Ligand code: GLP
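Below you'll find only one chain, the form predicted alone, shown as structure tokens.
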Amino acid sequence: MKIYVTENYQAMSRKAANIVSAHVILYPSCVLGLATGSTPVGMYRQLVAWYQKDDLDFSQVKTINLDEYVGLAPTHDQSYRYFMQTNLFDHINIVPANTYVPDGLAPDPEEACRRYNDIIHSLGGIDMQVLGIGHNGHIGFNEPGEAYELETHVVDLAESTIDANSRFFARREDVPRQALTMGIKSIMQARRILVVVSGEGKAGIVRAAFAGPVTPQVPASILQLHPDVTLVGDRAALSKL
């Protein structure tokens, strides 16, 4: 595992963007696994800035996102499709048909999960997967539990996750209770993994994930078993590691 300690969120975002951009330059037709949430926003902004300077070309890149809320339309301002469009896709030259996000409105969510697994396999797997870590150690929406879920599946969100995400909604009651999420097996089969973390509030779970036992009670801890993980965080987030 490679660990990069940066001074602050801005420096963390730039370092993470540097790693992603280098991968895109070296492998122009790569498959990027992408994450949402507040942590990677700065990284996406930096990638957009470099694209606008003609330093990056996304025309051959394919992307596949970790998750989507059940019940939210792609145009809903809290859907993850909307997040990706507004923070990245609308500002770069990526081909829209090459961007994949689970279908939160699918009438049969289980079938939507199977189709998403088929998409991942048809792309030949993920070359670089970007991850954040939830306060309870979830990656994607793989919540703490008794076992690791393997491929894309429907998950009931933990109360702590609902609480954390409620700041993005008008009311806590508006936060969806379920999501479609890529499973641990799919994440672990990515050839490279880039984890981004920021803020003192993540320090405890970062220590548990990367210096504690590997357990499904801390889903991110399984990343200790992956052969190519890079962790980029600011000093606050990595202060207990």
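Note that the structure is predicted; figures quoted are calculated from it, not measured. One-based numbering along the sequence shown.
Omitted here: the form predicted together with the named molecule. The next part is about that form.
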Exercise for review: Counting only non-hydrogen atoms, choose the one of 106-114, 119-127, 87-95, 159-167 that falls within 4.5 Å of the named molecule in the predicted complex.
Suggested key: 159-167
Revision key, fill the gap. In the predicted complex, the residue from Gly212, Gly42, Pro216, Gly37 with a non-hydrogen atom within 4.5 Å of the named molecule is Gly37
Revision key, fill the gap. Checking Val61, Leu66, Ile193, Val206 against the named molecule in the predicted complex, the residue with a non-hydrogen atom inside 4.5 angstroms turns out to be Leu66
Review point. Would Gly134 sit within 4.5 Å of the named molecule in the predicted complex, counting heavy atoms only?
Key: yes
Check your understanding: in the predicted complex, does His138 have a heavy atom within 4.5 Å of the named molecule?
Key -> yes
